[in-house]
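Just one chain is shown here, as structure tokens, and it is the form predicted on its own.
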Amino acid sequence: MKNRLLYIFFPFIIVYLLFLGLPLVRMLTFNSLGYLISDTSSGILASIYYTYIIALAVALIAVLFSIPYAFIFARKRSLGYRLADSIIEVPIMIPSTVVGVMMLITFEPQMPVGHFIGMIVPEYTFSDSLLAVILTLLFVSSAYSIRIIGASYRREILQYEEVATTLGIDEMKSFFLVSLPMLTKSIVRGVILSWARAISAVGSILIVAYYIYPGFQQIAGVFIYSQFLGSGLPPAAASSAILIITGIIVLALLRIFGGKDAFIY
């Protein structure tokens, strides 16, 4: 039966890998190597570096919220908590441009929430600011780390915590000595998935921060979109290929340094 299922399922794997691989190969081979090298002077490398750093900061913030969220919701199963938990998936289904509009009508200084923040923070601004980018990316990417960490917490970790408490270890020590070390792999995976999602968000950033002042920086996706509008397909494709190559390098390094358990990342 196992061999029969292997023959049945294998074509699906081949088709799916081709579906993923062909556009990637086409993108990487669309321009010549010389053209890709020349495009590195366009500013794409600085934009990618800036994007990766911001995305990492967003991913770490997402995990900072994910751990206490997982701790509470692993213990609460009532209807109210389940309904609250369902909100986590909402940002995933909302179109990216809509997220950008939502951020503006919430945090702009002339809006109620933004006006309240402005009363506390002098000279508060939102549009085209680093704050706008971070809050927007956090909105679209935090669900991934919350779901990864939450799913791990709800499995066997609670049982280990109960065993620890029977041995006289209080809840605080049990969390830091038992639960947190067991969550390490899930936390790393949550950081990586939220980081990757933050990098891929473009539509919402086009709405809230086409340029990030005061340095006029652009997130990589916005930079490539600007190239496409201003210079056409070849430069945009070249910068896209460079972004993909850097992403592949980062993921490859994670596999190399992750050792035999790297598949979990």
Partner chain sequence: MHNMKFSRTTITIIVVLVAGILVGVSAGYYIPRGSASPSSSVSVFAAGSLEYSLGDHFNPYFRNSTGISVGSTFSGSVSGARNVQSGIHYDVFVSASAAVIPSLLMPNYTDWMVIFASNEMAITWLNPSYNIPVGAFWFENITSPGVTVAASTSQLDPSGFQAIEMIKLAGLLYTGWNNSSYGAYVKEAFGNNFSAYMKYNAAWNSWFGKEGYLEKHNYGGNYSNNDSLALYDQIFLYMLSRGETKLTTVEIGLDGLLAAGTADYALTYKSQAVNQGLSYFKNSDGGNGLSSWINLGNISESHVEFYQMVNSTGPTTPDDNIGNLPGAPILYAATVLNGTANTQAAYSYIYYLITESGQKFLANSDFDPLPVAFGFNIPYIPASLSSAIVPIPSYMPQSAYV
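All figures in this text were calculated on a predicted structure; none of them were measured in a lab. Positions refer to the first chain, counted from 1.
Heads up, the form predicted together with the partner chain isn't pictured, but that's what we're talking about next.
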*Want to guess which of 192 to 200, 230 to 238, 55 to 63, 31 to 39 is within 4.5 Å of the partner chain in the predicted bound form, heavy atoms only?*
230 to 238
*Closest heavy atom of Phe9 to the partner chain in the predicted bound form, within 4.5 Å or not?*
yes
*Proximity of Tyr49 to the partner chain in the predicted bound form, heavy atoms at 4.5 Å*: no
*Answer with yes or no whether Leu131 is in contact with the partner chain in the predicted bound form, where contact means some heavy atom within 4.5 Å.*
no
*At the 4.5 Å heavy atom threshold, is Ile207 in contact with the partner chain in the predicted bound form?*
yes
*Though the partner chain is not shown, can you say which of Ala74, Ile88, Leu138, Leu104 has a heavy atom within 4.5 Å of it in the predicted bound form?*
Leu104
*Assess the spot marked by Tyr69, Glu161 and Ser179: is the partner chain within 4.5 Å of a heavy atom from every one of these residues in the predicted bound form?*
no
*Partner contacts in the predicted bound form for 210 to 226 (non-hydrogen atom within 4.5 angstroms of the partner chain)*: Tyr210, Tyr211, Tyr213, Phe216, Tyr225, Ser226
